[in-house]
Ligand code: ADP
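Before any questions on how it binds or moves, here is one chain, the form predicted on its own, in structure tokens.
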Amino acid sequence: MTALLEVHDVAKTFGEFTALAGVSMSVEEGQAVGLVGPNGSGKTTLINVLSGVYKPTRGTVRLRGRDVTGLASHRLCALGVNRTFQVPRPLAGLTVAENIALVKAGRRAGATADLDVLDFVGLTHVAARRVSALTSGEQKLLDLARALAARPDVLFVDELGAGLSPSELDHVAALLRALRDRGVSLVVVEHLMGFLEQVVDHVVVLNAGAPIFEGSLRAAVADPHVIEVFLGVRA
């Protein structure tokens, strides 16, 4: 496998507050990487930088060897990078199918093979329903479907499992595994270790905006520094 996404020494400050203190990581083609850490560790800020919501204060981001540092979200999407959100952001006044159609109308040509995204996530039966009538779990699935409709090669998944029932979590985990098997590279932000265990092997652990561990999930949960950060006790 080759590195599809390379992040080198990325930092982000807001005034005097340092949200990211120098993060380096890489994501290979078809790899699922977990991004974990306590609340306030910088996980979502990093996703916002890598998806074009924020420009980094310093550092570089490369996609397929091309420098894409600081590119806006729409330009990154055209290059094959997309994301989901902690709180879904569909167009609530439109139907499920209309939300997907709008994304497809503006997506890039070629790239990964086309996918019937509503059938894939299991929302075909509500395609004609207005988004405002969906359950919270269905809205999360729609957010995933909307992201996939743009045919990404790299997908950032920001706490998609939050608030879902155990059966919904299993369903989403199976979807992410299927995407990984199709060759989509994933960066998954999540607090639920059982969920991550179903999807990723490799993790990057952040604390106070800086990486403190990178390796397998199994090794991470046994690492004394990681245990101290999460539990506040020395292992």
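These numbers come from a predicted model, not from an experiment. Counting begins at 1, following the sequence as shown.
Heads up, the form predicted together with this ligand isn't pictured, but that's what we're talking about next.
S.K.: This ligand isn't shown here, but in the predicted bound form which of P38, G70, G30, G59 has a heavy atom within 4.5 Å of it?
M.R.: Result of the distance check: P38.
S.K.: Spot the stretch among 62-70, 167-175, 42-50, 197-205 with residues whose non-hydrogen atoms come within 4.5 Å of this ligand in the predicted bound form.
M.R.: One stretch meets the cut-off, namely 42-50.
S.K.: Would Q86 sit within 4.5 Å of this ligand in the predicted bound form, counting heavy atoms only?
M.R.: Judged by the heavy-atom cut-off of 4.5 Å, Q86 is in contact with this ligand in the predicted bound form.
S.K.: Does at least one non-hydrogen atom of L217 fall within 4.5 angstroms of this ligand in the predicted bound form?
M.R.: No, L217 stays farther than 4.5 Å from this ligand in the predicted bound form.
S.K.: Classify A11 as contacting or not contacting this ligand in the predicted bound form by the rule of any non-hydrogen atom within 4.5 angstroms, answering yes or no.
M.R.: No - in the predicted bound form, heavy atoms of A11 and this ligand never come within 4.5 Å of each other.
S.K.: At 4.5 Å between heavy atoms, is A19 in contact with this ligand in the predicted bound form?
M.R.: Result yes; A19 sits at the interface with this ligand in the predicted bound form.
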